[in-house]
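Form predicted alone, single chain, as structure tokens, below.
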């Protein structure tokens, strides 16, 4: 069980190419994650030509470092500018940007960095110790269970409604509707494409979410004070938290690590749903749920404490069974296959040194991410000292470039612009932007798994109730509803007392 310690030659990690790949991957991953519109998948894809010239060990370590660092890097722009650098950082905006606007961007970045580091180590530990059992458990989950997991996410998003539950529900259905745009994967019918061939593959997630959060912020700047700066005291830019502050978020990080690891193991989920699930779960059980969305450190830790754990969790089925659970890992698989290595059950027998190198390469990439984040993140945070008229063109440029490079279609630029206008209107009318974003992220998963389930049962909905894991998920949904109602009653009683 501990062969990765007892029978591994650590000299593999000291090879110059491996060390260079680890450092370069960590720096590049953090930069890719911090730039709005890019992602770990794009970063790994850009590095594919480089991997052809490297040994397999150096290649996989470099890509694993990109994956790990980009998960934290996405929170930098989410906290500094209110723009999620990656889909996994969307939920980080809720409390991270709120705490930043209160004058504590360095503190918010510190919570993000420390919880990301904890989650990274948590995911690596799961990868090392639980590859076999957890991969086997994930394979036992079929379409009905995955559909119910998606529905659990939709039910939890209602608790994110800040003011009006009905407006939250409308926002949720609007996000689902937008998520259905494209060619029906089952029938081939065009849905809401209006004859445009570029919409056949649906709305690009990066284009919509970057425009939704970034350009709406630009419009808010246009209607406010263009010379206002968010931070004026440079002492608040230091990326650090105390031991006591870390102890306060530690339970949230543990729960987030568990959720992130499971979401990484289950194909099709990944960092975005993991961060939302962790956030809503943390809010449901928190002693001060009303402070979520207003700069609560536990809200930041719940998101960042889950999406980094997805990296280790996602590598579990990849290394043991050859199943890439996320697009980023699919790119990593392509890099290995080009060099004649097929991930799967035989990989552990034929090339255990490569598997163990992935373990330890990912472990040291967490350390590299922490050191880079600890001593360079404050440079990103200083962007907050720029007034609005300086930030606006930068935000617009990064958003539109990020929207375009995803697929190279100009229509994605227009989608980003339209999403920004829609988000600005929703914000002014008190509709829930967060509910729209989560439902859009989950739309494909829910529709695909629901229809596949009914095909398996020949239209009988009993399939969602007669399976052991389905029953377990229903119990979790019932518990979530109970806790949510209990917290809402507490808030109403507090309001009546006031």
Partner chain sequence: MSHKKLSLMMLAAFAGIGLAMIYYARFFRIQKHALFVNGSQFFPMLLGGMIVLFCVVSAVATVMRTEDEIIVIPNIQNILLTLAVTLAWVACWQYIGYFYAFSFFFVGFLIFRFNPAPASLMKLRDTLMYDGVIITVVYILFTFGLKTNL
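Keep in mind it's a predicted model, so treat the numbers as computed, not measured. Positions refer to the first chain, counted from 1. Whichever C-alpha set is largest while still superposing within 1.5 Å between the two forms counts as the rigid core.
Just so it is clear, the following notes concern the form predicted in complex with the partner chain, a form of the same protein that is not shown.
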- Message: Heavy atoms within 4.5 Å of the partner chain in the predicted complex: which stretch in 357 to 365, 111 to 119, 178 to 186, 254 to 262 meets that?
- Response: 178 to 186
- Determine whether any heavy atom of residue 53 comes within 4.5 Å of a heavy atom of the partner chain in the predicted complex, and answer yes or no. yes
- Consider residue 397 of the chain shown here, and say whether it contacts the partner chain in the predicted complex, taking contact as heavy atoms within 4.5 Å. yes
- Give a yes or no for residue 467: in the predicted complex, does one of its heavy atoms lie within 4.5 Å of a heavy atom belonging to the partner chain? no
- Message: Just checking whether residue 223 would be counted as a contact of the partner chain in the predicted complex - the rule being heavy atoms within 4.5 angstroms.
- Response: yes
- Note on the structure: When the partner chain is considered in the predicted complex, the residues of 447 to 465 having a heavy atom within 4.5 Å of it are 447, 450, 451, 454, 455, 458, 459
- Message: Taking the rigid core as the reference frame, tell me whether residue 249 has a CA displacement of 2 angstroms or more between the shown form and the other one.
- Response: no
- Would the C-alpha of residue 57 be classed as shifted by 2 Å or more between the shown form and the other one after rigid-core alignment? no
- After superposition on the rigid core, does the Cα atom of residue 294 shift by at least 2 Å between the shown form and the other one? no
- Item | Closer or farther in the predicted complex, the Cα atoms of residue 110 and residue 432, when the shift from this form is 3 Å or more | farther
- Item | Distance trend in the predicted complex - C-alpha atoms of residue 215 and residue 29, change of 3 Å or more | closer
